[in-house]
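The chain that follows stands alone, in the form predicted alone, written as structure tokens.
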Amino acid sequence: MKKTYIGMFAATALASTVTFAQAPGKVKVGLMLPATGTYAALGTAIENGFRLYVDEQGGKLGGREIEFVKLDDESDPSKATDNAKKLIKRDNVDVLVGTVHSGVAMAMAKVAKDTGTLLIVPNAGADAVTGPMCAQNIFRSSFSNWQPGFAMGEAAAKKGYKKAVTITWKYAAGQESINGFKEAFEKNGGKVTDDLQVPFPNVEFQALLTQIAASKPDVVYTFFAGGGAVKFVKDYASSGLKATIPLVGAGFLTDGTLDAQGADAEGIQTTLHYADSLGTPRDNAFRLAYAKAFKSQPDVYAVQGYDAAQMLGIGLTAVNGDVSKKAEFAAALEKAKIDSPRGAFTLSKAHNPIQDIYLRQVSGKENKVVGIASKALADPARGCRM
């Protein structure tokens, strides 16, 4: 009788082992995004887009069910390292997804690089993430700050503008966007005469608007997003500058902000890798699905979240759900063509999207495509040694 019990126990243990091997656990995705503050709405759109793609796949990517762990990063770089480590060490996430603020993303990238944790950045454009911080396990589904800035620099020069003033928050994202604009604008014969900055997230612009009026440039290039973008566009119009000096910017100036900006945004041109009026079957299907799921219209942040999930799915499928196979995961994404609502894109060796940057113009409540400012624009990934 004793032997029978032992035999039954062994058989049960073996069956349990086989069952476990055939049905691996969930992949834990740590969503480290802003849930409060200036960028809260952006974080929500990114999460919505990510969840939409996962839901479309039946809740599984690479054959494994996805489990989410959420953490509000508060757009605070001073808390970023500890927050990323909490998700990895306390919550045992397999993948980090985040974030909006470039300073926070840089801290996340360092932690990911040090620990070997997969990181997909669904917004923050910090050049260094796919520059000096580039790594086999770090990917971006959005843009580098350099990309829309460089594209607008080319577009502004082609319009015949010769003298420009730039204005942004005093932080990495703003400065890198300005650098991209300046590089292209001056390469094509223009001159940036003033680089104006305000502390992040300050939205008191009046003194600098007075300075712009005195400078009398041909064009003003700006990088603001979220609540700051709303305030700047409204202040720019109310100061009377809109009537005399064209305002252009990286697309975040008018993406997800048009309802609040109203008529003050009308006619503003921006450059970005997405627009509201692409009209492609892929984008139309995405927009319809998003509107049904969340009762709102998607923006570029939703697209970037959606594509972050697509990228995770491509990588997990290639490694049969085994997140430890970093080299194979990376190789699959480096060869992939991501079928994005923005238009198909590929990844550079530094894992940044190589993508079309659209020239858009605000018309009513839409950022409508005027043309393509830069075709298949690749970030130079300066400093990447991967």
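All residue numbers refer to positions in the sequence shown, first residue = 1. Bear in mind that the values here come from a model prediction, so they are computed numbers and not experimental data.
The same protein also has a form predicted together with a small molecule, omitted here; what follows describes it.
Chemist: Look up in the model of the complex whether V100 has a non-hydrogen atom within 4.5 angstroms of the small molecule, and give yes or no.
Modeler: Residue-level check for V100: yes, a contact with the small molecule.
Chemist: When the contact criterion is heavy atoms within 4.5 Å, does Y274 count as touching the small molecule in the model of the complex?
Modeler: Contact check for Y274: no, nothing within 4.5 Å of the small molecule in the model of the complex.
Chemist: Does any heavy atom of A84 come within 4.5 Å of a heavy atom of the small molecule in the model of the complex?
Modeler: Close contact is absent here: in the model of the complex, A84 is far from the small molecule, nothing within 4.5 Å, heavy atoms only.
Chemist: With the cut-off set at 4.5 Å between non-hydrogen atoms, does Y221 touch the small molecule in the model of the complex?
Modeler: No.
Chemist: Name the residue from F139, F143, Y306, F232 that puts a heavy atom within 4.5 Å of the small molecule in the model of the complex.
Modeler: Result of the distance check: F143.
Chemist: Considering non-hydrogen atoms and a 4.5 Å limit, which listed residue (A225, I120, A151, V129) is close to the small molecule in the model of the complex?
Modeler: When the small molecule is considered in the model of the complex, the option within 4.5 Å is A225.
Chemist: What I'd like checked is whether L42, A124 and A173 together line the small molecule in the model of the complex, meaning each has a non-hydrogen atom within 4.5 Å of it.
Modeler: Yes: L42, A124 and A173 each sit within 4.5 Å of the small molecule in the model of the complex.
Chemist: Of the listed stretches (310-318, 283-291, 106-114, 143-151), which one has a non-hydrogen atom within 4.5 Å of the small molecule in the model of the complex?
Modeler: In short, 143-151.
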